[in-house]
Each structure stands twice: as C-alpha cells, then as structure tokens.
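Below, in structure tokens: the form predicted on its own, a single chain.
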C-alpha cells in the first residue's frame, strides 16, 4: 500500500509502498477515507527539536487525524464496533492502568503512546487503531469533519477550560485549531471573539468561523481588556502580547507549543495582574469527543468552512507546501 513514511531522523518524508498492516489483538484495521494534516505533522516533516524529542523509532508512517472504514476487528471481547463502521482515532493511546488514567485523565496518561508519532499512523491507504482509542462516528457528520474532529476537540477542551460564556475572548493564532476555537467560543456563548493572526488568509477564515473582529496584531484598545485569552499560536514572540491582552484577574489558556523556550515576565503578568493560567494537551477521553460530536451533529460548528484543500495521498508534498505557507485552512488527504 502507499504511505507517507518518515524514513530518517532528518527533514522530509518518503512516499513508499509498504506491506498492508494487520490488526493485532484488540485492534481494528481500517481502509482510510480521509486524513488531515496537522501542525504537528509540519514539525515532524521539518524535524524540529519537538519531533526529535518525541519520535524514537523510524521508519514510521506519520499522520494522526484520520477517518476510515473498519474492514477487520481482531478481538475476543464484546465491542460496539462492527465491520463497515466509519471511525476516527484518538491520538493519545492510554494504558488505562496509570494514576492519571484511573482518575479519568486518560488524555495525559503517564505511559502514553501517540498514534502517528510513537506508532504507525494514518497517512496511508490502510491503518490499524487500538480498540480502546477507536471512535465510532455518527452518520450526520461529513467525511472531512470526521477526519478533523481532533483539532475541533482540542478547541472544545480549551474553551471549556477557559469558561468563555459571556466574555470577551481573544484568540492568538488562527491555524486550524485556533479557527476551531473561534467557532467553539461563539457556540459556547462568548460575548465577543477577536482573532489575531499575521496572515490575512486565515483572518478571513476566522470571520467565516464566527469571529467578530480580526487583526494582524491586537489593537491598543484591547490591551488589558480581554477576560479570556486563548494562546493557540505557540509563537514565543506572540506569547507576551497574549499575556498583555488579558485583563486583571483574567484567564489565559496555553495550547500552542513554542518551537523554542518562551521567556515570561511572571511579576508583570501573573502576580501584578493575578491572571489564572491553564493549559491543554489534547482532549478529554471520551468526554470531549461527545461534546465535539454534539456540536457537529447540531450544526453549531461547521468544519467544512475551514477545509480549504483536498489532495490525493500521492500529492503529499504539494499539500505540505501549501500547509506550510499558511494560505490554507485544513488540508485533507484522500487515499
């Protein structure tokens, strides 16, 4: 089968013909119907320090945002899944035995394995997924949305932690998850949502997703005025601006992962302003998935507005070039 493979701990990937995988015990085998490119995949492609710290073994089939049809189930246990179901994968493969799993924090399992990062992922014609991280999709959701539920789920988790209802919310960084955060904040009753992004293309997408105002940088009149700030950019230079946007006793939620260490003035922002800082890594399993599915089923969020490009799997290099340009929303690969 055709797959996008990380063959060396260096920049780039290889389009390769590899053997068809088989479902191991308590796994499903899917025929991939769609797979979305994530910012993490850019890091893996470029081989950033983050990628170097997370990917231990190559060769590796990359890609973690996926939807596919179950063609085989290898288990002796009872399961609600059956052949023909359209399913997606939760990236965070938990062990269900550690302390965090036992207190329902499976998304931050202490012995976590990552789909498409620690084991073969979904940029391929076929893929295997552990039963315990397989999500059965409802029929109402379009295929493209099924493949992009993970970034929407991230945004749901972020907005829920931020308690956005009735508040002025600034979203710094309008990549796909930031765009989803705009839509979720509006769906959850934010009074006003302001999007900040350097690139005009994604500012325009943010308007489509429900942003009330968009800017290339935060206007002076909003400094110290935003009750909630969502830091989705991961840009070390922008983090200080996002802290400056938060009003006294406001809340900031960090989601974007900086490529280098960020220096923060603790006294200026956290002590003098008494800010509440939170962070999000992934989605609550399975709580966030149910919330995400509800938003899509009820039409409160329309992911089709940010799916701007579709490419065949063999066109991966072209898709990655556009993804890295920032002149896109979500890009979906179709095997």
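All values derive from a computational prediction rather than experimental measurement. Numbering follows the first chain given and starts at 1.
There is another form of the same protein, the form predicted in complex with another copy of the chain; it is not shown, and what comes next is about it.
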item	value
Heavy atom within 4.5 Å of another copy of the chain in the predicted complex - residue from 143, 257, 207, 71	257
Candidate from 31, 310, 305, 278 lying within 4.5 Å of another copy of the chain in the predicted complex - any heavy atom	278
Which of 174 to 182, 194 to 202, 144 to 152, 75 to 83 lines the interface with another copy of the chain in the predicted complex (heavy atom within 4.5 Å)	75 to 83
Three-residue site 12, 129 and 138 fully in contact with another copy of the chain in the predicted complex at 4.5 Å by heavy atom	no
Non-hydrogen atom contact residue 47 with another copy of the chain in the predicted complex at 4.5 angstroms	no
In the predicted complex, residue 169 touching another copy of the chain (heavy atom, 4.5 Å)	no
Residue 237: touches another copy of the chain in the predicted complex, heavy atom cutoff 4.5 angstroms	no
Residue 272, heavy atom within 4.5 angstroms of another copy of the chain in the predicted complex	yes
Residues within stretch 250 to 267 having a non-hydrogen atom within 4.5 Å of another copy of the chain in the predicted complex	254, 255, 256, 257, 258, 261, 262, 263, 264, 265, 266, 267
